[in-house]
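Here you get one chain, nothing else, as structure tokens; it is the form predicted alone.
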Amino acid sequence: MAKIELRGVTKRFHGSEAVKEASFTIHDGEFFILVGPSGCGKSTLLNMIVGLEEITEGEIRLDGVRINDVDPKDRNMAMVFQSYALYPHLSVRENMAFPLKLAKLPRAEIDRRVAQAAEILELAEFLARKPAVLSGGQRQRVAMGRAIVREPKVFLLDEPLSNLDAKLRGQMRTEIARLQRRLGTTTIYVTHDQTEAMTLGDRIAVLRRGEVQQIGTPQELYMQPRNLFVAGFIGSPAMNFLPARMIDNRLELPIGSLEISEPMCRRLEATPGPLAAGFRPDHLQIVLSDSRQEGGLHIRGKAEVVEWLGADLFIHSDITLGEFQEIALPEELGLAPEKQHRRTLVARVDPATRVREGDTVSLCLDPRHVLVFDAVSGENMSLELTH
């Protein structure tokens, strides 16, 4: 196992910064996730750690030893790529044994390691087969077995499940988590899928345009996002955002107003730009049209889209922004473009709720879960928001 430290790691390509001063520590035995949209620099960062990319500035330390100039083969790290990269003319056993043969290990040691990895990955009955007759999940397990037999200090996985269908991806996610817990090897996992990140990682680093936006546990990123980008990227469906403004010590939204504390009031008044309010679909509850929940913000809207997913029911409702100004959200979030002066809110409600597209619905928002952001810098301003 190993501890990895990044200190101001930067990578430039032709003057453009792909990674900007990344500084963080990956602890011994930790399952660490690098997540972000395509082109954010996560694979480049992974390649610098393993030694496939040179570092422009900064340094990487493995167990306290600087490894910037150490050859990849001498870093004792094993990488699993998005493509299986198996040799089609070799059997499963031969594919898994290949790196050990290159290292000129004794035949008995090679057989021991391959047999052990095959047992862990449930591949023992497939050792004599060629990759062509294996399923996608089995091929990915072979690729992982080839990394396991090396008994490395660090596993590095670069979007290993991207080529699998949705059902198999879910199964492999569970297998990878179980495998990492069993082996206890420090693991760095790159993905653009925030669901993978949330279900697998001990801690997650969210990247945007080469910069680390926030590092924390899945719960911290979900409940306490540092900025607008993290708030919108983590969570499915995405967080709802509305324009907001300060009026007479109250935070005004298109759906109502909230009381805030004096410290928070002073903080928001010192913010020159526009504000944005955010809340999760989980925090919008459907209520009977003739009832009201005390202390909540009540919203009436038309159910434009109803999505029933078995365990969840998502209601998409349009509301008008009135005289509120539109806010610009990070384009990488890929949120659907809004209609002029209208905003679609998504609510996650009880799947037994009887509602159809076109119905008028009454929703209640628990104000305790509203986050306030500086809409220009994206900073989360709601550390002391009270209601």
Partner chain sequence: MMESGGKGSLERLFWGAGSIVVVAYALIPVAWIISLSLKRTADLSDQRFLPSVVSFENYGVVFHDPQFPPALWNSMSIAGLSTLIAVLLAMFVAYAVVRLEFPGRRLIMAAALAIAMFPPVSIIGPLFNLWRSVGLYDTWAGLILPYITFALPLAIWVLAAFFRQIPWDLEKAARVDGATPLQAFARVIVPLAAPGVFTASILVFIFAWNDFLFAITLTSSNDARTVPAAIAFFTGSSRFEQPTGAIAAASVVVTVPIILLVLMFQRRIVAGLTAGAVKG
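Small disclaimer: the values here were computed from a predicted structure and weren't measured. Here, rigid core means the biggest group of C-alpha atoms that superpose within 1.5 Å across both forms. Positions refer to the first chain, counted from 1.
Just so you know, the form predicted together with its partner chain exists too; it's not on screen, but the next bit is about it.
Between 32-40, 66-74, 321-329, 351-359, the stretch whose residues reach within 4.5 angstroms of its partner chain in the predicted complex through a non-hydrogen atom is 66-74.
Taking a 4.5 Å heavy atom cutoff to its partner chain in the predicted complex, the contact residue among H89, R107, K167, R181 is H89.
Checking A270, I247, A132, L309 against its partner chain in the predicted complex, a heavy atom within 4.5 Å turns up for just one residue: A132. Although the partner is absent here, R139 lies within 4.5 Å of its partner chain in the predicted complex, judged by heavy atoms.
Interface membership of M79, defined by any non-hydrogen atom within 4.5 Å of its partner chain in the predicted complex, is confirmed. Interface membership of A128, defined by any non-hydrogen atom within 4.5 Å of its partner chain in the predicted complex, is ruled out. Using a 4.5 angstroms threshold between heavy atoms, R173 stays clear of its partner chain in the predicted complex. Residues R139, R146, R150, N163 are the ones in 139-163 with at least one heavy atom within 4.5 Å of its partner chain in the predicted complex, listed in sequence order. With the core held fixed between this form and the one not shown, H89 has its Cα displaced by at least 2 Å.
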